[in-house]
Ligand code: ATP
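First, one chain by itself in structure tokens, the form predicted on its own.
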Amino acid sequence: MTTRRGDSLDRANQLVATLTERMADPQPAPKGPLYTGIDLGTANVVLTVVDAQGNPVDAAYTFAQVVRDGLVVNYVAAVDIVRKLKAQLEERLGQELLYGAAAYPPGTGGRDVKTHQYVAEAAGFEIISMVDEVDAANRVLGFTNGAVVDVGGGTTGISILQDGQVVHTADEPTGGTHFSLVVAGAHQVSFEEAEQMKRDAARHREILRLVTPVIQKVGSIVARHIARYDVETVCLVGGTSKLTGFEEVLAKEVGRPVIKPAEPLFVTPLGIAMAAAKAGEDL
């Protein structure tokens, strides 16, 4: 059965809205085990917590530059950030967080995947699942046919689904870091200042004009990967895709409808935690 566009967005928006509500108004931890998703992104490190049924419980995140193009480039700093976010969540929830899942970009393998796992373990988690980032996003979306595109800080991950099965994955350099470099160059400011400008919703129209060529490059990457498949709809996730108008530029490049959840930053991290809860069923 084909998942309708609205169904995927409704599901994702409802789950993420629950998560952000819990972040704004933390509640005592529900009874039973909790599971954490650890998302080491190029621009943000995000920890999300769900209960045994995969329901959102809480989340914490911070801007960080410890990963580049999907690879951990500052191991010590990454461990320190995850450990601090873990402690922050534990204090709010009044419960120790023991079990977790970590994620990796599509097509990443071997030592690079292990590094993401080692960071989470060094921060105090028992990692019970490792999951592809785009597969994690689709745990929230429930997409059965189409392409899920995760535009992160350093790379764009693509997963194509047919009848609920992943038939193709890819991950290529180009993401939010490239946006920030363009903004920094145009305004003659530091990379960090450009990051803050990019996050200001009031400046999105201006930023969109500057970075449209980069979005078009993302579109050419996506178009190349979906060309051999029957893809009717593309669903965008990832913090970079939050930029207002991103989906409209991308739709012109790929020649297909492009949809986007209301808060794309938390879709993948929430899916990682849901993967941990699923793995926890076997503990």
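Numbering starts at 1 and follows the sequence shown. Only a predicted model underlies this, so the values are computations on that prediction, with no experimental measurement involved.
This next part talks about the form predicted in complex with adenosine-5'-triphosphate, which is not shown.
Scanning V258, I215, L243, I221 against adenosine-5'-triphosphate in the model of the complex with a 4.5 Å heavy atom cut-off leaves one residue, L243.
Site annotation in the model of the complex: the residue of N138, S129, S159, T177 reaching within 4.5 Å of adenosine-5'-triphosphate with a heavy atom is T177. Taken together, the three residues A43, G238 and L265 all lie with some non-hydrogen atom within 4.5 angstroms of adenosine-5'-triphosphate in the model of the complex. Looking at 141-149, 196-204, 74-82, 89-97, the stretch with residues near adenosine-5'-triphosphate in the model of the complex, meaning non-hydrogen atoms within 4.5 angstroms, turns out to be 196-204. Counting a residue when any of its non-hydrogen atoms is within 4.5 Å of adenosine-5'-triphosphate in the model of the complex, the one hit in 121-147 is E133.
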